[in-house]
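For reference, the chain that follows is the form predicted on its own, supplied as structure tokens.
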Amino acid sequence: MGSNIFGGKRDAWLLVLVMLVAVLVFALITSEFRLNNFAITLVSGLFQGMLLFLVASGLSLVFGLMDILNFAQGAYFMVGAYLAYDLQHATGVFNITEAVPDPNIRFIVGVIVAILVGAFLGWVLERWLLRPLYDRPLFQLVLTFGVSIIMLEGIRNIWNTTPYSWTEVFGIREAQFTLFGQDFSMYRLFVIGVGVLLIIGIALLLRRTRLGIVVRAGVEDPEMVSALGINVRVVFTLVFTLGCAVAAFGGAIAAPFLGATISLGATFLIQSIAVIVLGGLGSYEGTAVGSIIVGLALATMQQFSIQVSIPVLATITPMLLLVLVLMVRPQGLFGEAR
């Protein structure tokens, strides 16, 4: 099957390369070989891919360690978006514009609050609801799905169902950069950079720290880790809390572009599940690569669907990619055959 390369296999990386080349070539074709149009697709694809990673990475980490597919993950993304929007705008429920008049500082406050709330809600879910159900997988799925509905209803009661568009101006959102003669908001580059840093940071956490060693050992043999005197349940709680905090962080930094709507959670959850299955369940490398591939494919198909007037093409793109990959590698790109 080939030798290991960064946690994957040679044939898996070859398939990744083929998929990336195919997507980029198709993006060039749909852009009519105009570099400025291609730049729009490329930047949009990387932007969407990084947002997907922020949701999917938590799903992948939790599933890899705990064998729990957290159906509430998208709801944490949605909560982060609403909190960031609310704390930035004077029309929000929690109006802090008088106390914090600088919009740049309010944005930072909104992101921090989203992370803390996401972490707290994740801790509550794992510690008080999921922990008694570790040996009952079906109940875990039902529970996390129920929690997502509860969080959705909570948002409806606090902010109602009206979609909110981000209108507040702050520095990095208004700054511009140019690629292939096309101007873009610097905020897109910021989100892409944050995603890349998180990919690297979480990889280093898993591979270079004691916590990462314990997490990877817990995936392979939790009984042995417990026998060594390590409290595996505490590690489970930390990983679950981290996954939910990252999802809420993703929602907060997505809000300036996507706004805050009650459909955000379901949309990103479905796409993220496609990403982690495509990348290989429990494979962090697969999740990172899968997010980039799906993001670029989404942006390309969004452009193509406009040209052919078939909007549904973009909607079904993640699932089409998933089907194609599973036909070639049933375990996903970097998943282990079971």
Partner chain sequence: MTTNTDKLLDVRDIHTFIGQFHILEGVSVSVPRGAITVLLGRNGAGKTTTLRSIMGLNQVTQGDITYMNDSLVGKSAHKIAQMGIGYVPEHRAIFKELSVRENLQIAARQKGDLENNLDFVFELFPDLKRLIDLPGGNLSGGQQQMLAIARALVPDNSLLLIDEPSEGLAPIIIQELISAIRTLAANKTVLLVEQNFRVATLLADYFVIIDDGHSVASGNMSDLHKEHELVQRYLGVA
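Numbering follows the first chain given and starts at 1. Just so you know, these numbers come straight off a predicted model, no measurement behind them.
Only in words, not in the display: the form predicted in complex with the partner chain, which the text now covers.
The single contact residue among Glu98, Asp102, Glu220, Glu174, judged by any heavy atom lying within 4.5 Å of the partner chain in the model of the complex, is Glu220. The contact with the partner chain in the model of the complex, taken as any heavy atom within 4.5 Å, belongs to Val214 out of Leu125, Val214, Val111, Ile199.
Only one of 81-89, 224-232, 249-257, 263-271 lies within 4.5 Å of the partner chain in the model of the complex by heavy atoms, and it is 224-232.
The partner chain in the model of the complex is not approached by Arg131, whose heavy atoms all lie more than 4.5 angstroms from it. Interface residue remark: Arg207 is counted as part of the site for the partner chain in the model of the complex, having a heavy atom within 4.5 Å.
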